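A single chain comes next, written as structure tokens; it is the form predicted alone.
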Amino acid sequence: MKTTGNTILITGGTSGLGLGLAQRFAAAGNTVVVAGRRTALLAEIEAENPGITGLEMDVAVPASIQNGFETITASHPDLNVVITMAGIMQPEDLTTAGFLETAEATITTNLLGTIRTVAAFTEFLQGRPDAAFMTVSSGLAFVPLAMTPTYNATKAAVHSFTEILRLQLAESGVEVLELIPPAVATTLLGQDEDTSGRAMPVDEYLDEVFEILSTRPDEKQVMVERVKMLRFAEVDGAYDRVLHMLAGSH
């Protein structure tokens, strides 16, 4: 994926890693549109970040995705990159039935939101030069965290979906990348308040991601060194050890 001269849509781009990516891509010479639910926040981001435009879109609502697609392809017909960053992460206690509402919301946003966004944009992107999808999974797709069972499951599903998306689009000219973050110090699950050092500083993470994108443009799975312990735990024969280490750290 090239790192400049794109027109990029980032769903879930109003906070955390999504906003951080938007700012980095804008600074690198890309036109960036961030999608989110809150119009006031989108207006604030536009005012504070020249070169970034807001788009009202809720990936949990199919009609909102369709409306967002029609709006952005009309206003930015040169759109060539879609990054499906929108996601939620909440703890669940599977010993009581009360977790179901959280599980359903997590599946709707993280998994169906990704799939529905891809469905909305896939035919459009196949007609664009230098086109790319970037999905966002997690190191927890490969070794799950005990306190967030459905989040882990959705990210494992996003990984699997992305692998086949790449295969099916191989002849289309659309590149498919998977961003695989470790724990990063964002507000997701309160990781911005973590003082243990387990969560990677946001700027440090973004620096390493852009180094990968800049120096290894053909990379399909974008993963910083810190996430490789999770990504390759099973291959390395360390799965059980890492699984119990994660369970004990929360």
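Being a predicted model, the structure only gives us computed values, none of them experimental. When you see a residue number, it is the position in the sequence shown, counting from 1.
Form predicted together with a small molecule: not shown, discussed below.
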{"item": "Candidate spot 38, 57 and 88, all three touching the small molecule in the model of the complex (heavy atom, 4.5 Å)", "value": "yes"}
{"item": "Contact label in the model of the complex: residue 181 to the small molecule, heavy atom within 4.5 Å", "value": "yes"}
{"item": "Partner contact for residue 109 in the model of the complex: the small molecule, 4.5 angstroms, heavy atom", "value": "yes"}
{"item": "Touches the small molecule in the model of the complex: residue 14 (any heavy atom, 4.5 Å)", "value": "yes"}
{"item": "Contact of residue 53 with the small molecule in the model of the complex (heavy atom, 4.5 Å)", "value": "no"}
{"item": "Heavy atom contact within 4.5 Å of the small molecule in the model of the complex, the stretch among 165-173, 150-158, 73-81, 96-104", "value": "150-158"}
